[in-house]
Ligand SMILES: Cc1cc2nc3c(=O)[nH]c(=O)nc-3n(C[C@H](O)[C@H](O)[C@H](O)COP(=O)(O)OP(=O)(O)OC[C@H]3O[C@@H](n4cnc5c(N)ncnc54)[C@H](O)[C@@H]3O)c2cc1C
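Here's a solo chain for you in structure tokens, the form predicted alone.
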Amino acid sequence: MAHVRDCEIITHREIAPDHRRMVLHAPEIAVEARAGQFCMLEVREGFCPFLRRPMSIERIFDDSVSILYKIVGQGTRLLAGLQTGSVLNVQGPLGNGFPIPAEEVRAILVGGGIGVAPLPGLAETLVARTGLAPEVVLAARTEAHLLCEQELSQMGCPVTLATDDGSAGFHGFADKCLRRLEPDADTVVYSCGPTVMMRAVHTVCVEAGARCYASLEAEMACGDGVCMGCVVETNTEHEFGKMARVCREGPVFDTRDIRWSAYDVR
């Protein structure tokens, strides 16, 4: 059940260049939220910007949720200017979260850049539900842009780092690191990040026979399935044929259901 509530900013700080973490006091949203869901934030009252901004829920606490975001445009620049004690109007939680296995199972989380945002909450849920800390692959362009390594390590997660320039960890891409971990048919992989990365992760999982779920990103106007502005092509039939709404049918999808060939990943 989604709520629309005014939420106070409890903490708001920079964690990497152009990256911020915001914690919102949101008891009703926290009670309902599940790992992988998102919220729509009204970054400023009025009509400029007119639309809310979709943001993954990073972690879920007793009476609050955290949001991890990158400053990329007008909306996030305005968001970054808000101080502790300010109030945001928040709609959420929205969408479908990550499927959580009922039994002990090997899980690997793969996050690229700001795509790591929903993974700390997922790691906490997996530890609580299965008793096993997932393995994690964190990838970014440079060491300065690697996010959440400390938080995930503190949860007991073995973390493998990968950077495009070789400044930290493995010199290369996330899918190469995943392949080195040798997932198999008894492994479930969760990914979020650039489309090219998620497609490559999907390919590794298909070859290994592993289940794989991806959290997709899309521009959204409403966040609750009305405007049809966030549709993606799939291989399965939905309410609108083979088009699925990231906000309603997603943002988490079984990667076998995504028509990856519809993306231009050159």
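Numbering starts at 1 and follows the sequence shown. In this text the structure is predicted, and so the values were computed from the model without any measurement.
Keep in mind that the form predicted together with the ligand is not shown, yet the notes after this line are about it.
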| item | value |
| --- | --- |
| Ile60 within 4.5 Å of the ligand in the model of the complex, heavy atoms | no |
| Exercise: Glu217 in contact with the ligand in the model of the complex, heavy atom 4.5 Å | yes |
| 4.5 Å heavy atom contact, Gly73 to the ligand in the model of the complex | yes |
| Partner contact for Arg53 in the model of the complex: the ligand, 4.5 angstroms, heavy atom | yes |
| Segment assignment from 174-182, 160-168, 131-139, 111-119: heavy atom within 4.5 Å of the ligand in the model of the complex | 111-119 |
| Phe38, Tyr69 and Pro251 all contacting the ligand in the model of the complex, non-hydrogen atom within 4.5 Å | yes |
